[in-house]
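Before any questions on binding or motion, here is one chain by itself as structure tokens, the form predicted on its own.
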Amino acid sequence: MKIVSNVNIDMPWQDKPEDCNMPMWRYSENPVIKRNPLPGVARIFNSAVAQYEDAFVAVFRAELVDGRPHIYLGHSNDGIKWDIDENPIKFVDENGEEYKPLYAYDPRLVKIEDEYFIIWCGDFYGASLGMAKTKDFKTFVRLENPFLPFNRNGVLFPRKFDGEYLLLSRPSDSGHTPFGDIFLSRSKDLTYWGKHRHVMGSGGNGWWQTLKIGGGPAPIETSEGWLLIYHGVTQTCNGYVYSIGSAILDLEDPAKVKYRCKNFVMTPEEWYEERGFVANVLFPCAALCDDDGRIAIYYGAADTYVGLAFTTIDEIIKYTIENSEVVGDQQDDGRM
């Protein structure tokens, strides 16, 4: 197996513990970001990380002490110890005028060619996607909202397809959505989006994802296809449980699912995942990878902390293929 896209250098890593029998394992010093990380911020979670020059940058979901979420910028030399700005990111429109979101949460950070794109969920008369771009992490230009409400979990692919941007999203409703499938949309200019395709839905034999699913980090291009790390949700007598799953999308037509693991690859088990502001939540938002096929995944834990987990391209793809199941019409082109 080989990783093709957005390979990082000197990323965080720990070898797999001898007693681990799953394809993904946790950083032994988790959580990497704890409660009350800076004045005015109660919790940081569901955040995205990318390499920038010879170090790392992050866009953090910061829940303020008034309860509202905003996006903060952070810098790190090793991807573990972070210096976080004291104020939220200042966005401007394409004319340079201030263009501040009412609130913003669950960001993703994706590099395409020489630009970095932030995608988040915010308010556009209901839950909807926001998007901005930057080249230097000093000036952040907000773009037009990609879709009408209601939508969440926007994730761009790290390269264009025939000159078009590709975006995964999860149409929803105005509340704590009790449903949701992943869809794919295309755009030539980041303004007008169309050619919508259904990628995959909830359900299947894996009960951990029977309620809803949503995209996680930017898909990772591999020789086997696009590796998609995503979250799946089930409903229990004690509330929702969010776990991490894996799938492999077709390299040339990512609306087609080649393999989809019926098992979760990680589920809440540690104290910082089972206890917090919202218990039993794993919410992956970013992945770093290197030439050796190693992958580091950043995830939100219990809507309270940031955790770090690891896998390898060989292990996660092998596990996904060996435990694959077909759910609905996921192997067609998604047009209906």
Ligand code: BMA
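Everything numeric here is computed off the predicted structure, so don't read it as measured data. So that there is no doubt, residue numbering starts at 1 and follows the sequence shown.
Omitted from view is the form predicted together with the ligand, to which the following refers.
- When you look in the predicted bound form, the only residue of F283, F310, Y305, F56 with a non-hydrogen atom within 4.5 Å of the ligand is F283.
- Residue Y105 is the only one of Y230, Y72, F157, Y105 with a heavy atom lying within 4.5 Å of the ligand in the predicted bound form.
- Looking at L64, you'd find every heavy atom of it more than 4.5 angstroms from the ligand in the predicted bound form.
- When contacts are judged by a 4.5 Å heavy atom cut-off, N46 counts as touching the ligand in the predicted bound form.
- Using a 4.5 Å cutoff between non-hydrogen atoms, V278 counts as a contact of the ligand in the predicted bound form.
- Among heavy atoms of R260, none comes within 4.5 Å of the ligand in the predicted bound form.
- Residues placing heavy atoms within 4.5 Å of the ligand in the predicted bound form fall in a single listed stretch, namely 105-113, out of 218-226, 105-113, 184-192, 203-211.
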